[in-house]
Structure formats: structure tokens, C-alpha cells
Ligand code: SAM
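There is one chain below, alone, in C-alpha cells, taken in the form predicted alone.
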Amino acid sequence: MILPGKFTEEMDAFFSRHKDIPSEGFYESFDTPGRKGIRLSTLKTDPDTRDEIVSALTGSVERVPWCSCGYYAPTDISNSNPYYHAGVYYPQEPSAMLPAEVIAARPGEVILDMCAAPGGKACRIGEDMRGKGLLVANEINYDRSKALLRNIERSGITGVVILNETPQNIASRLPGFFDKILIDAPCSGEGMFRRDPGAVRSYEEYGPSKIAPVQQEILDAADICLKEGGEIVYSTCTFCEDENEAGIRAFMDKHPGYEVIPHPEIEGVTSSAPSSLLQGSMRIWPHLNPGDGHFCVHLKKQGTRISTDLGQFIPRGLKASGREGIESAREFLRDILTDTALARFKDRPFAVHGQSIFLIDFDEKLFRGLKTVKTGLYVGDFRKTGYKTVFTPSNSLALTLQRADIRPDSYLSLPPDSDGINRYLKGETIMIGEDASGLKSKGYIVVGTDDYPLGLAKAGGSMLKNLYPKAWRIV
């Protein structure tokens, strides 16, 4: 491919300064196809079965060395695959899997993904947190925040707030609040040239000189948001030193007290060459490893981190209709969940906004003054009909459930290659066959593929009314 002249000049100068970093084959790598990848959900799969799942999906098992749940894929995996709709896997460029692995999210932490869309990294963070703690996923572009919402819902993660905000507004509202912050920064996109022709056009229009100051503004806001003793993982998909090592050096000079956390060396990934401006930072080189160009560094702020008491949202002063709505939601849960799963919901705090019900494990006042796209888990809606309150559950609720959570008479499992699952994902009516003889004849049903819930339907005689959302259906 024809590369921008300014880019080749800068890379020639880079390799001239860093002779200990191999340059042979670098330019040729832009004429080779980038490798595809998929990342399996750490929430919906376990390490013992992941190879088997990937083999069935891709026909091979080749692990991405820098991601514990990442695999190379020989070709693009179709987004019409039922396992994709169930959140079992997420198609992701292999190099892009590194930052979320590095941040190593843990249950109970409070984490901000500052530039989260389309959501691959945020989903991995939320999966690792396992519904405990708080993940704030922010996207400044409203249209992209909607794609982020869909991917968050598909993943089945809970304890998430999605914001549509500037980093500066978040910093003014939530100073010193986060344990960890991921910044997958907007960049000149040099690492994506071979994959996305638009990246070349964007580079020629903007380039490093215009984007590097924006990156510094984001880092400055992150410093305000981060607790003492907290951690920042910063990444880009570019090779430019000003956006990577030199940019982080400038940030550390401006904000003394940060140190680089080094990670184990992986051939072709970690740039710990003597000439590196930032020892312990990581680069993925497309001519040394089967991934696009990427940079990543793990920073720690000095001080002792103190745990955040998020507090629970306790609805107060609810109107009678609100209390009735919550009870109708609990009645739905009693109808489809096992006793063990129901116990996990027993003391969970519900909140009512208008006619909608949410599960919120934190104080909503934290986000006053910020534009929110999603706050907690949307459970469903209720309405009054005569003397009865009718509850309609949300499809996103079904995706947060595990197969073991659901009563046997409330779960219909359809093989991933069946006509039934194809009809369900298209929003068509499903006829109940003999293989579903144990299904209840009335009420809500969770439809899944194998052991992975997909969404809801409503039983009525010999057929199921399809409730799969129109916006999610395959065509």
C-alpha cells in the first residue's frame, strides 16, 4: 500500500534512533492482511472449555500470547452466530486485547474506561469484575455511545454506568474517585493503516501534531479522577513516539509521583530495548507479531489506595405505583429463577424512574450533572391495567443470567445451527416441539443457544411469542 510520506519519514528517523529495534519487514507488513481475533467472555466461559468453543467457532485453536482469553481467527467470525448474540465471544483485533489484560480488573474495584466505544475493552473489564464494584464506561461521541451500550448489554455484565461526557466534566464531578483508569486514547491511527483505509485519510488530515495535545488533556483529567495509589493503563494504536513514550514522559514530568509498572517480556511486544524512552512500556510490532501496531503502558500513582464505599441506592418515598412495579418485577423473577439465583436478588436495591425499573448497587447522586446513557441494570417496565400491575422484562436482563440461574421449565435451549435459533434471532414465532415438552405452557421463557441465554419469549399454547428486540435482530 502507499503510505503517507510524512509517516515513512518519521519511522525512518525512529528506526535510525533505535537501532536495537528490528526494522526489517516493517514496511512490508502493511501489504499483508491483519490477523483476525476473537476474545471469549471470562464471565460466560471458563478456561477449561475455551479451546473447545473456539475450535467449534473457527476450526483452529491459536492463542493470542498477550491475552488469557484471546484467540486468533482464520477469518472473520459472523456476527449472525448465536454465540455472538449470547455474548460468548467478542470479535476483536488481537493487539487491542492487550490493555484490558494489563489493567487486570478485580471484583469490588471502581474503574473508569475513559474512551470506551465500541466496548471490547470495557466488556472485558466488566466481565473480570463479575458484577461487584463499579465500571464507568465513557464515550464522548453520542452515536458511538449507543454501540457501546449494545455491546455492554450483549456481554451480560452488570454494575455499569455509561456516560456520554468529556473527560474534563468527569474530572470535575468525580475527583479522586477511581481505583483504575483505562485510556485507549484517540490517536493518529498508524497501526491501523493496513486494516482501515480511513485511518490513512484521517492521518493526512489530523496527524500526531494535532492529536497529541488532546491526549495530554485526557491524561490530565485522568490524574484528577484517579485515587492516590491508583493505576492508569494508557494505550494507542499508533507508532508515533510523541503520542506514546514521549507523551507519557511529558505527563509524568508534569505530574510527579507516577511510576511505570513493568510486565513480563513477550517477544515482539515489550519494548525494553536500551534506547527506549520509557522502560517497561509495551509495543506490538506488526512485523514481529501477528497483530496490528499498538502501544501500552501501565502507570501507578504514588500513595496508598483507600477503598470506596459506593453505598447502596435505597428507594425512598416511592409512590404506590412504584412499589407495585417493583413487586411485579420480583414476581417475574420468582417465576423464572431457581431458589439459589433468587436469593442473590433478595436484598438488591431496585430503583424506579417513571415506568421503568433498574437494579442499582450504588448511589445515583454520584452522577448528577453528567450525561448518562445507562445507569445500572435495566430490569423492565411496568404499567397499570385496571386493578393489576403488568410487568414487561427487558431483554438485557436475560443476558445477565447464567443457565443454572433459570428454572428448567423456563429455559428453552436451541442448538446454534438449528432453524429454531435462526427464527428466534430474526424475531419470528417459534413452534414448541417435542424436545421442549418440559416447558411451562404460560408465562415468560428464556431462550438460549446451548447453555447461553439469548433473550425472552412468551409461552402460549404450542407456540412462543418472540420478544427479541427489533434493533437486535439479524436480517
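In case it trips you up, residue 1 is the first one in the sequence shown, and so on. Computed from a predicted structure; not experimentally measured.
This protein has a second form, the form predicted together with S-adenosylmethionine (SAM), left out of what is shown; the following refers to that one.
Heavy atoms within 4.5 Å of S-adenosylmethionine (SAM) in the model of the complex belong, among the stretches 140-148, 386-394, 328-336, 367-375, to residues of 140-148. Of the listed positions (E101, E109, D361, D184), a single one reaches within 4.5 angstroms of S-adenosylmethionine (SAM) by any non-hydrogen atom in the model of the complex, namely D184. When you look in the model of the complex, the only residue of L401, L134, L278, I218 with a non-hydrogen atom within 4.5 Å of S-adenosylmethionine (SAM) is I218. Shown here without its partner, the chain carries A105, G159 and G176, none of which come within 4.5 Å of S-adenosylmethionine (SAM) in the model of the complex through any heavy atom. Contact annotation: V214 falls within 4.5 Å of S-adenosylmethionine (SAM) in the model of the complex, judged by heavy atom distances. Of the heavy atoms in A116, some are within 4.5 Å of S-adenosylmethionine (SAM) in the model of the complex.
Residue contact with S-adenosylmethionine (SAM) in the model of the complex: K121 places a heavy atom within 4.5 Å of it.
Within 4.5 Å of some heavy atom of S-adenosylmethionine (SAM) in the model of the complex lies at least one heavy atom of P167.
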